[in-house]
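We begin with a single chain expressed as structure tokens, specifically the form predicted on its own.
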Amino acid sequence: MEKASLLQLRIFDLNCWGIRYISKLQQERVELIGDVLNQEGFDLVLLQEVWSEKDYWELKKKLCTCYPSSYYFKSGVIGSGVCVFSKHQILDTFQHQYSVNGYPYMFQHGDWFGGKSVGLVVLKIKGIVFNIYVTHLHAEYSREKDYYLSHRVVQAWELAQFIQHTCKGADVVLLGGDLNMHPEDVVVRLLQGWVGLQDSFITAEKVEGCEDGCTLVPANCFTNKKELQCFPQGIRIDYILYKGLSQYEIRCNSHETTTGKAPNKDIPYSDHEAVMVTLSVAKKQSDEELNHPAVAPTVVDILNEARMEVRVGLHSAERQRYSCGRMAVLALLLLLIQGAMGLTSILGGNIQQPFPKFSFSLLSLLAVLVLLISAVLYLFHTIEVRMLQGTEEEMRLGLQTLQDKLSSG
């Protein structure tokens, strides 16, 4: 017999591609997103890449009647771009900024300046406590040469740990956002295996929209077609994941994505397709097992794979740190040589300066600049090495715990 649901929750998730003065038709699309949210009346709206806080306040003003409660998560140089709008009152919020997030000298990518993070909002609906997590992980940029994979794995591990350690008092856990990974990739499998989250696309009773639930599709006029050359149907990188805790269980009634252009419009909402999910919350029967999942052996393999990616990133970070340190030492030696030559010229009296003063000064300035930049990058990569080492050690302990549970039956 089908259980009577206590409530239904309609969720909207979208990467808005809201970079002012760079993203195409950005202002028009913000207006369009506000209009559809007011029309549809979702219970919960999870947005990413709302990079301008001014856009958030414009949306807040427009949506205040339908979504009286909202929150914008601030971090990094330009902000996390992550915000939440809710029909129900937000009781509490918390944020964790990821320890690694790309490189500050990769200006063309800009992820480091965004301060990628995970935001938590707590809702209580009909006596049921919901922990809602929204995040945006580091972008991939290149499938063949993914220099940021280790950073994204670390972010996924921190996200998984953040959820594990903050959901103790919740009845329902829900995660939405742009994970920048394909469904079969280690990041998604880590969240599913380690935290026990279910993918709304996989479990949905009814699926509509793009084939395979893709959220980057060729039909979208804003999508970079070069990124999809190997994926003619598109790729799925935006997710809504969930699980029930304590005495509640969750069922996904429907999973829907937009398909290119917005209804009755000539443009899409974003370069990503929106994800819309309806979840039902029901109470477990008293004789059902309450939140005691068995440890799956596959989780060990997933964690080993994730740990291996972190190790690869660690070796790369150590090489970069060594290169920066060597460059700093060479620049310091050059400065010392120049200083000795200048001192010899001053004390030597009649000894002629071997270089013109302008060239000598320019070379000194260049050596100082190289020394400063190399020293700063050496410190940055030292921090990166420490963070990767810490994550690798956490994963090792996690693996040991999992293996002990499996061996004890």
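The first residue of the sequence shown is number 1, and the count goes up from there. Please read all numbers here as calculations on a predicted model, not as lab measurements.
Separately, the form predicted in complex with another copy of the chain exists; it is not shown, and the next lines address it.
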| item | value |
| --- | --- |
| Complete contact of Gly76, Glu394 and Leu397 with another copy of the chain in the predicted bound form (any heavy atom, 4.5 Å) | yes |
| Another copy of the chain contact in the predicted bound form: Lys87, any heavy atom under 4.5 Å | no |
| Residue contact check: Asp92 to another copy of the chain in the predicted bound form, 4.5 Å heavy atom | yes |
| Heavy atom of Lys168 within 4.5 Å of another copy of the chain in the predicted bound form | yes |
| Proximity of Ile11 to another copy of the chain in the predicted bound form, heavy atoms at 4.5 Å | no |
| Partner-proximal stretch of 252-260, 221-229, 115-123, 139-147 relative to another copy of the chain in the predicted bound form, 4.5 angstroms, heavy atom | 115-123 |
| The unique member of Gln27, Thr344, Thr382, Asn38 whose heavy atoms fall within 4.5 Å of another copy of the chain in the predicted bound form | Thr382 |
| Interface residues of 377-392 toward another copy of the chain, as seen in the predicted bound form [heavy atoms, 4.5 Å] | Leu379, Thr382, Ile383, Arg386, Met387, Gln389, Gly390 |
